[in-house]
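Quick heads-up: it's one chain on its own, the form predicted alone, in structure tokens.
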Amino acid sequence: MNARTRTARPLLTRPLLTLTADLLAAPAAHAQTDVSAALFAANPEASAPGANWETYDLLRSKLGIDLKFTMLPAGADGDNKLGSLAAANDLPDVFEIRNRSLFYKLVEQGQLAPVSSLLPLMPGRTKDRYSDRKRNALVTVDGTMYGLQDPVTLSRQYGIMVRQDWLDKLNLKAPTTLDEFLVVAKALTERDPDGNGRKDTYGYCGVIDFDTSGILPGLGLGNHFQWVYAAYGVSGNWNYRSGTSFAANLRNPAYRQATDFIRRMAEAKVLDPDWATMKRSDLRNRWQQGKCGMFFESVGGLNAGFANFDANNPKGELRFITPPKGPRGQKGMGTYANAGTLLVVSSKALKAGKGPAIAKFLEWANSGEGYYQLGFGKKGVDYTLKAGIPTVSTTNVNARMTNTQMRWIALNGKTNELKGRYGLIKAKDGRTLNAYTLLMDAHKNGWIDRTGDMLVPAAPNQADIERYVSESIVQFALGQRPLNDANWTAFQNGLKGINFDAYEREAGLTLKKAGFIK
């Protein structure tokens, strides 16, 4: 690493400007460089761009790059495809990785190239995205940087939404403490807030969900209940304290207290009775149908489902509430990681001399023409700029989604971008919700940065650990297993049987080594 750093330093001084200008200059017609790129589809429901995609023409004419873009299938299928390509020594030149285990495996196999030499070739992008030491630590192995780890562009957009019209009808105020939350949830369950004469509403709707889109759900019940654990100061997996005080949060007695609060909600029948088994799509159907007084949702989820909600609840009014305080005044919505898209370069590509072309392409995508082209589509067709805010202008949604399948290497999460992506949500009666304002409200909910969690290596029996903890907490919350001293001690003792101590010890060492704890 030291040798590589010494080699890179001269490129960071005065000659950099000249070199970058040369790289970005229009090439001669014959100086085309083939670059293959594979990313997870930004819009899986839409098709991949065709051979006549305008972006391909722009890259050929302005950068001298003949790009071949492939969409990776979501989830494990995408991981498997990359694994197969690696086995055939046929990885794309630049590609996205979402599976950290696969990242480390490809590094170990020598399939990924060190990327430090590319940073001076894309100074704008490096300044904006790859200048954070801790974030770069996420992609550094034995002192060598093997990945381009973008910051997260959209996180902390979740929160607890409440039916304000129901609160008004029942003359209630939004809860500010856990005790008040229970009282309000009980009223929203039992006092017929929708006025249909039936007891068919729920005080709180949430599910066991481990979606990681910008937030870290942690062990146990997932992200829809992290606000309860935050109210007791134990959200997320680890406490990030130094030395011998470092431990998994589930070791803390407060973790049991938080679990007991959820048990009390279930016992009081203010939770949707299907919370432990239903999926997120079921939850969304229920709040859109008008069954939930309070529920856990994202701004994006609200944006997507509001039209259906509005049709079913013409006078319905939704807003976020601040997370309720716990017995010691603590509150929060959960934990998040400031890490978004992870790009890597294949060793094969760097050996073939494609590094400068890859850097040129990524720099183009970071700002100006390339940023808008990849992030929002064709100017004047897919979007227009209004006071610097990219505003969708097309009604051909599928075409726009196809044109923006590579958007995650361009988007940056800055104010104008978010205002463009999250505009006004309109109800049929003319009322509006400002999605950008809601997003900013959600950001204020006391989220805790736990980016270091992404470095913690999975235990050899990670699936066993996750299953044991989740199933145990569900049993306690449902009352299937009485939450008493004996059973809680038995639960803690059971961690030894799955070698949780070793997992916990490795987590502490890793976080300390990377500088996330002292």
Partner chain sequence: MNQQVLSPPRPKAAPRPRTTLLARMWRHRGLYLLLLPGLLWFVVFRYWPLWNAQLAFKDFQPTLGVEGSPWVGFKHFTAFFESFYFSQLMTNTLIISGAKLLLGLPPAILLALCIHESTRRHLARFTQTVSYLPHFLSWVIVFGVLLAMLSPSTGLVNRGLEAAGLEPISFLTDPAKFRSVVIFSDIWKETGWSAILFLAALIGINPALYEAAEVDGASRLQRVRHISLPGMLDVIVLVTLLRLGHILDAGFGQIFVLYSLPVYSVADVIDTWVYRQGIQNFQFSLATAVGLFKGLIGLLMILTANRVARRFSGQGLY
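Numbering follows the first chain given and starts at 1. Quick caveat: nothing in here was measured; it's all calculated off a predicted structure. In this text, the rigid core denotes the largest set of C-alpha atoms whose superposition between the two forms falls within 1.5 Å.
Keep in mind that the form predicted together with the partner chain is missing from the display, and what follows is about it.
Contact with the partner chain in the model of the complex, defined as a heavy atom within 4.5 Å, is made by all three of 86, 89 and 471. In the model of the complex, the partner chain lies within 4.5 Å of some heavy atom of residue 460.
Remark: residue 274 counts among the residues lining the partner chain in the model of the complex, judged by a heavy atom distance of 4.5 Å or less. Remark: residue 48 does not count among the residues lining the partner chain in the model of the complex, judged by a heavy atom distance of 4.5 Å or less. Proximity of residue 102 to the partner chain in the model of the complex falls within the 4.5 Å heavy atom cutoff. Interface residue among 165, 128, 282, 132, judged by heavy atoms within 4.5 Å of the partner chain in the model of the complex: 282.
A heavy atom within 4.5 Å of the partner chain in the model of the complex is found for one listed residue only; from 263, 400, 286, 325, this is 286.
Just one listed stretch, out of 150 to 158, 247 to 255, 227 to 235, 265 to 273, contacts the partner chain in the model of the complex at the 4.5 Å heavy atom level, and that stretch is 265 to 273. For the partner-free chain shown, 105, 108, 109, 110, 111 of 104 to 143 come within 4.5 angstroms of the partner chain in the model of the complex, judged by any non-hydrogen atom. With the core held fixed between the shown form and the other one, residue 488 has its Cα displaced by under 2 Å.
Annotation for residue 77: C-alpha shift of 2 angstroms or more between the shown form and the other one, rigid core superposed. With the core held fixed between the shown form and the other one, residue 425 has its Cα displaced by under 2 Å.
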